[in-house]
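Given next, in C-alpha cells, is a single chain: the form predicted on its own.
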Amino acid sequence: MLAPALSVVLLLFGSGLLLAVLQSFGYLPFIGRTTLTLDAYRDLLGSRAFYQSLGISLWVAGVSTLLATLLGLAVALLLRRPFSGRRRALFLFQLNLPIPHLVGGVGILLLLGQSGLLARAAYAVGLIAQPADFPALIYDRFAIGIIAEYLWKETVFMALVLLGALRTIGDEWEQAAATLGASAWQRFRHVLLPLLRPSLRAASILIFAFSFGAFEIPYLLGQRFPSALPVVAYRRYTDVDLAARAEAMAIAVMLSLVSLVLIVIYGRWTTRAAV
C-alpha cells in the first residue's frame, strides 16, 4: 500500500541524488563537459579552505550536540519529578518547538548582535561606552550565535526524548538501588544513565546530523570566511562560473555520505536498544 508514495519519493530523491553525483564528477553538459573526472574532489581535498569549513561544521555540530545533550538531560531530570506548576513549566519549555529555525535565527540576531537588544541594554546601564563595544557574538569565528540558536531549539528536543524514556523506565530500578544503599549520584551514574544511554545516543545522532548539514542558520549568523560546508556549497552552486557547480555538488555528496553514515549508526543503535 505504501509502494506508490514510496516510489514517488524514491524517484524524486534518487534522481536528484544521481544528478548531484554526476555533476560532482564533472558531468556538466550545459557548459560542454561530459567527461567524468575526480577534479572537483581533488580540488576540494587539496584546498585548505575546505578543511577550515569542515572544521567549522564539525565544531558547530559537536558543541551544539554536547551542550543540548547536557542541558536536555538536566531539564528532563528536573521535570520528571512532580512539583507545583510542573505542567505549566513543561508547556512553556516546549513553546519554541513549532517555531522554525530561521525565525529563531532572526531572534538570535536581534538579541545578540552588536546593535541588538543585549548590546543596547548594556549601553543603557553603562556597562559599555557604545553598543559597538558589545562582544561580537554574531558572525564570529567561534560561531557562538549559530550554536546559541541550535541550543535554543535542540535542548527542547533532547529533553522531550529523555522525558519519554524516563516515563518508560519508571523509578523502580532507582528505588531498588536506594534500598541497597546507593547514593543519589550512584543511582544516576550506575542505574539511570545506562538506561538512558540508548535514547541519549539516538537523539544526539539526530541533533549532530541536523546541525552538521543545516544551511539557513550558518548562512544567516555565520562569518563570511570560513563558512560552514552547506553555505560553501550554496555559494559555489550560485557562482556565476557554472564550472564551480561541480565542487558544490561534491560538497553536497560528502554531506549526504556523512548523513548516511549517521543514519546507519542510528539504525544500529535503535535496533540494539529494541532487542
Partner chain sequence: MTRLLTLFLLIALFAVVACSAGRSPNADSTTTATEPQVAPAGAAPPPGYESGTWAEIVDEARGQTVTFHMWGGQENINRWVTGYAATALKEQYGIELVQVPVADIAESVNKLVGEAEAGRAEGTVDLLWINGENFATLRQADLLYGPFAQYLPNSQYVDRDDPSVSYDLGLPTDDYESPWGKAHYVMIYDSARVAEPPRSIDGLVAWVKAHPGQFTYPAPPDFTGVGFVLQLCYHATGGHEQFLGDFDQALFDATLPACWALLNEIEPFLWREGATYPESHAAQQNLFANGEVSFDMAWNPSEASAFIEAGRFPESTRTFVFDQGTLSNAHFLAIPANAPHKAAAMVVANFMLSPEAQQSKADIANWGDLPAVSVSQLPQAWQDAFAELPRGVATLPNEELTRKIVPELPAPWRVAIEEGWQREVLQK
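Predicted, not measured: the structure shown is a model, and the values here were computed from it. Numbering follows the first chain given and starts at 1.
Unshown form predicted in complex with its partner chain; subsequent notes refer to it.
With the partner removed from view, the residue among 242, 58, 70, 36 that has a non-hydrogen atom within 4.5 Å of its partner chain in the model of the complex turns out to be 242. Checking 179-187, 134-142, 161-169, 193-201 against its partner chain in the model of the complex, the stretch whose residues place heavy atoms within 4.5 Å of it is 134-142. Taken together, the three residues 19, 96 and 103 all come within 4.5 Å of its partner chain in the model of the complex, as judged by their closest heavy atom.
Although the partner is absent here, residue 66 sits far enough away that none of its heavy atoms falls within 4.5 Å of its partner chain in the model of the complex. Although the partner is absent from this view, residue 120 contacts its partner chain in the model of the complex, with a non-hydrogen atom inside 4.5 angstroms. Its partner chain in the model of the complex is not approached by residue 175, whose heavy atoms all lie more than 4.5 angstroms from it.
Interface membership of residue 219, defined by any non-hydrogen atom within 4.5 Å of its partner chain in the model of the complex, is confirmed. Taking its partner chain as positioned in the model of the complex, the residues of 20-49 that bring a heavy atom within 4.5 Å of it are, in sequence order, 23, 30, 31, 49.
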